[in-house]
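Next comes just one chain, in structure tokens: the form predicted alone.
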């Protein structure tokens, strides 16, 4: 949807002023900018690892105000509830089984000897589905990404020199940054505001992504119930408040869509499930909340006989027999066998050497521990709540906000939000 009227612009300025904490050192905009009737920008914000119930812990006043003035509701991640699969789902509208990023670590028979990790940016891993910034740029909508898994990839490009990482063609956001954890949250917010401070409207992005990783990092290190997680959530909330303040100072209306990719479950050394298999019988791709593995030649009967079926705190399936509700199992990058642990349990190759308590994700996407954050606020939205929905519905909502046509063949749609969108 295109929200270009002065009424819409004034409405979000009022919302932003109501949400904002007093700005510290935001410079006033030039007089011409202050008098400009700006169309709203759509800003997709990910707070990695922000479990939905963190919002009720009393440490996130800015997020609470946005939720109170816009729409919110419980959002289910896609399976597996991992970072890269779900970030790609949020911007493509497809489940991992269909967009091809099926894990934080994976292999592909079409590219032997290569392993995808969270540092991989070769385009062949990503090219199965276009992200929304590619679709927006094709429609003449300028975009910018302050980090987002896959946003640094020249989508649709082809390899010219594999050994040097050279690629031809492809599309990226007009403005983008290579991920660097050392760039802190304040710097990330300032980058977005700097883009929107550009004097020429044609030079300012109309769709932006902004990514915060601190809550996830701390959740892994200390567990979701730790005071460190509460502190990290408060810190990112303050950075969201600074963004809201800065938008108000620029007289820049914005439709903010705040999400997380998954929740977090507390694990410990007392809740581990060792794989009871000889090391020379299988090839392990990933372990933890789930194990993804392939039997080695001649060992199929041993591995399947040991693993398949229900076990205490774990269940294992052949990929073709994974329950349909996971919408997972047809992609060629998924290995032959998947084992899924109960929440709070971990599948390991060997027992841990020392005690630990930490956080993990990757469990059943319908687990309460995996529930993700969703808040949307701005001139496009009425106030209300939505019942539980799947995160494949976020990309269709973003298409509405940007005025893009409905996507073809998507796994989600905008149905959960239609009654809460303002009329065009």
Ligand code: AMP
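Everything numeric here is computed off the predicted structure, so don't read it as measured data. Numbering follows the first chain given and starts at 1.
Although not depicted, the form predicted in complex with the ligand is the subject of the following passage.
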Open item on the list: Quick check on this chain: which one of 137, 175, 213, 315 has a heavy atom within 4.5 Å of the ligand in the predicted complex?
Closed with: 213
Open item on the list: Only one of 195, 124, 179, 326 gets a heavy atom within 4.5 Å of the ligand in the predicted complex. Which one?
Closed with: 179
- [ ] Please check if residue 83 has a heavy atom lying within 4.5 Å of any heavy atom of the ligand in the predicted complex.
- [x] yes
Task: Any non-hydrogen atom of residue 217 within 4.5 angstroms of the ligand in the predicted complex - done: yes
- [ ] Consider residue 345 of the chain shown here, and say whether it contacts the ligand in the predicted complex, taking contact as heavy atoms within 4.5 Å.
- [x] no
Open item on the list: When the contact criterion is heavy atoms within 4.5 Å, does residue 48 count as touching the ligand in the predicted complex?
Closed with: yes
Task: Contact check for 104, 118 and 148 against the ligand in the predicted complex, heavy atom at 4.5 Å - done: yes
Open item on the list: Counting any heavy atom within 4.5 Å as contact, can you tell me which stretch out of 326 to 334, 291 to 299, 349 to 357, 205 to 213 lines the ligand in the predicted complex?
Closed with: 205 to 213
